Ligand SMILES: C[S@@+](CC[C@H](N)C(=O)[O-])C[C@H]1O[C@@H](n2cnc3c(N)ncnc32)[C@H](O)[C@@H]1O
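The form predicted on its own is given below as one chain in C-alpha cells.
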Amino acid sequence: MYAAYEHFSRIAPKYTRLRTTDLAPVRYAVKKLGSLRHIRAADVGCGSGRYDRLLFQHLNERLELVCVDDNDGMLRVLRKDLYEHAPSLQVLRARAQALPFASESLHCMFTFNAIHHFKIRAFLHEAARSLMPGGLLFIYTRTRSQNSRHIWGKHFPQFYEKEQRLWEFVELNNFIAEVPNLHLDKIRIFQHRRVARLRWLLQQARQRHYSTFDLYGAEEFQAALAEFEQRLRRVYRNPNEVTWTDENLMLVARKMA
C-alpha cells in the first residue's frame, strides 16, 4: 500500500492530463439515477477528481458530492481544480475500508478505476452500510481479461502478467453476493475506441500513468519500453495513428431494504 501511495503522490499533479477519462459510464450512471431531485453521493478513490468534474457537469445542482481518497497529493489537486466549479463539494481523506459516513446516509456511491486498490470485502460492507435502502453502488473497473486485450496488455512486455490486482467479473459478483443486503442489479460492458500517437503512448509510460509500471525494476522497464515501441512500429504503419479498443465493466449494486 505504501508503494501505491508513493506512486499516486508523485503523479498527482499530472494525473488528469495523463489518464483518459470516459464519459460513457458517467452518462450511464446519471440515467440510472433517474429523476432524483437531490442526490447525496460519494466518490471513493476519487483521485484528482477527473470523474467528479463530469458528474457535476451532468447532475449540476442536483448533486451533493463527497470525494474520498487516502492520498493527500491527489486531494490537493482535486481541491484546486474543482472547488470553484462545485460549491457543494466536500473532500475527505479516508480509506475505502473505513468510510466516514453515517449509516444509510447516501443515495449512491461511485468508484472509478480504483476498486483494485481497495480491501474489497471491507469496502463493500462499508458501502452497503452507508447507502440508504434502494441506494446504488456504481463500480467502474477493468477485469484481468479485459486488461490482457488493451494496448498495454497486448504489447507492453509483462504488463498483463504483473498486474494481478484486477478482479474478474465472477470474483466481483461473488464479493457482492457475500454482503447480505447488497444485490447486483445491472452489468454493463463498455468498449472505447482509442486513437493515439505513438510518442504520446511512450510519454504516458515514461510518466508511469499506470501504477502497474511501478512493478518493474528500472532496467526492466526501459527494456520493456523499447520492446513496446518496436512492437507498435511493426504492427502500425502510421505511428501517428495507433488504434485499439479499451474494454471496461460497470457493475451496479443495489442496497436492499
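For every residue, the number given is its place in the sequence shown, counted from 1. All values reported here derive from a predicted model rather than from experimental measurement.
Separately, the form predicted in complex with the ligand exists; it is not shown, and the next lines address it.
Screening 138, 101, 118, 160 for any heavy atom within 4.5 Å of the ligand in the predicted complex leaves a single hit, 118. Shown without its partner, this chain lists 86, 96, 179, 106 as candidates; in the predicted complex, only 96 has a non-hydrogen atom within 4.5 angstroms of the ligand. Residue 113 belongs to the set of residues with a heavy atom inside 4.5 Å of the ligand in the predicted complex.
Residue 244 falls outside the set of residues with a heavy atom inside 4.5 Å of the ligand in the predicted complex. Not displayed here, the ligand is approached by residue 46 to within 4.5 Å at the level of heavy atoms in the predicted complex. Contact check for residue 131: every heavy atom lies farther than 4.5 Å from the ligand in the predicted complex.
With the partner omitted here, the stretch from 23 to 31, 62 to 70, 215 to 223, 185 to 193 that lies within 4.5 Å of the ligand by heavy atoms in the predicted complex is 62 to 70. Remark: none of the three candidate residues (156, 201 and 231) comes within 4.5 Å of the ligand in the predicted complex, counting heavy atoms only. Residues of 137 to 157 include none with a non-hydrogen atom no more than 4.5 angstroms from the ligand in the predicted complex.
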